[in-house]
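What follows is one chain in structure tokens, specifically the form predicted alone.
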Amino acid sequence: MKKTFCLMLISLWISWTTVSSAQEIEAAKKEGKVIWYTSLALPSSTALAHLFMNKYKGIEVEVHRTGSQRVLQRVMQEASAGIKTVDVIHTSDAGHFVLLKEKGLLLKYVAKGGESFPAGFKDSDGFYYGMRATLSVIAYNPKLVSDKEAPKTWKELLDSKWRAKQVTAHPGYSGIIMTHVLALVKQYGWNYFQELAKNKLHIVQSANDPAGVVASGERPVGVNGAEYFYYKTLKQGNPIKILYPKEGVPLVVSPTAIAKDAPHPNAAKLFTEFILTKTAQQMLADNEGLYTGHPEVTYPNDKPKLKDLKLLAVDPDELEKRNAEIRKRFVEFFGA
């Protein structure tokens, strides 16, 4: 009798969770849409959206892609104006989520999919999760720069022989570059960037932009940039080589969160759970060259494992506190 009763309870529990899951999906389908503000490159964010829409027919993902700083600016402007548009927020600046959490603009949602993620990939209070991670690296065009000549360290980028031959993305636009700048400031001080600026760098916006500039030969050396996008550009057959400086590589964890006043909260929760699944995270690793916090995800053999690199991580709280300083000093040194 006791055994039968236990089996009955287990059966009821399984039935309840199945019904609950079905109810959550149905509630999301009734809303019919999730509006996603993201800094993930458009091909990548579109691919993820389509993966979700193929699984959950009838729920549209409306992708609004721009740079991390512009995502934050839009979220803050809409919040101050009482406009409730965004459902899910994703940028590459972890400091943004410290700010949004402090201002009460995020919905606390303990995602089941994020339970197995390491501490560095989730907020301890359940307000946001690391959707992806990338590195900021050095890259060069092997048709224009020999392997022997290529800069192997951050300090070698300061050599005057690279004058007018380098490209940098901008921390005022990109969260990846905001993290990159802080990581190297902590390593070398502001003098590093003051010296780097003497080489008259070509300045672009997104951390994805240097890949195209380097591949085209317009500027043969990228002093920073999203490793995953360099990797994707390389896999498309373009002339790019990626370098991971032994003295350390900035690690950029990019969070995702649900807006507190999300107009489609059920769809937002379902989308959040989906992007934290192994299926979605593995797709980001396989197709996009990204790293993730999911412990079961595997990576292409031609990408280094994070454990084999010296990683330069920055504290999200410090990133938020020094945001204005970083933008100001970068403009001061680079003139833009």
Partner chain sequence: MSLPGTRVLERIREGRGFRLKRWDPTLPIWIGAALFVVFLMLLPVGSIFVTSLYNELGLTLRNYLEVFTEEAYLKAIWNTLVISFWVGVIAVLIGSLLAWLVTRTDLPWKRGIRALVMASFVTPPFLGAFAWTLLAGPNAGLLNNLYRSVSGAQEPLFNIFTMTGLIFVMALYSFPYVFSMIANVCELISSDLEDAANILGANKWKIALTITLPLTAPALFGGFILAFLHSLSLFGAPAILGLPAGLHTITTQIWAFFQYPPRMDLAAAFSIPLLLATMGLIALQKKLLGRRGYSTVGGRGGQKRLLSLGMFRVPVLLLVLGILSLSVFLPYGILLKAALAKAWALPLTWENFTLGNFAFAFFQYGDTQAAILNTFKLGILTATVGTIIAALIAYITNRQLLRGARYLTFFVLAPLVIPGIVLAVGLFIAYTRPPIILYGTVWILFVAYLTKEMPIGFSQTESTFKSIHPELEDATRIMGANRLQALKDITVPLARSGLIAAWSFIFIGVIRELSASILLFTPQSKVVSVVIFDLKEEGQIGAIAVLGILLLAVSFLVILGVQRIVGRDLFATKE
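This structure is a prediction, so every number in the text was calculated from the model and none was measured. Positions refer to the first chain, counted from 1.
Omitted from view is the form predicted in complex with its partner chain, to which the following refers.
Across the proposed site, 24, 56 and 114 without exception lack any heavy atom within 4.5 Å of its partner chain in the model of the complex. Among residues of the shown chain, residue 35 is one whose heavy atoms approach its partner chain to within 4.5 Å in the model of the complex.
Contact between residue 46 and its partner chain in the model of the complex is found at the 4.5 Å heavy atom cutoff. Contact between residue 123 and its partner chain in the model of the complex is not found at the 4.5 Å heavy atom cutoff. Within this chain, residue 285 is remote from the site of its partner chain in the model of the complex, having no heavy atom within 4.5 Å. When you look in the model of the complex, the only residue of 309, 51, 41, 297 with a non-hydrogen atom within 4.5 Å of its partner chain is 41. Screening 140, 173, 129, 97 for any heavy atom within 4.5 Å of its partner chain in the model of the complex leaves a single hit, 173. The partner is not drawn, yet in the model of the complex one stretch among 201-209, 148-156, 248-256, 186-194 has residues with heavy atoms inside 4.5 Å of its partner chain: 201-209.
Residues from 59-86 that approach its partner chain in the model of the complex with a non-hydrogen atom closer than or equal to 4.5 Å are 62, 63, 64, 65, 66, 70, 72, 73, 74, 76, 77, 78, 81, 83, 85, in the order they occur in the chain.
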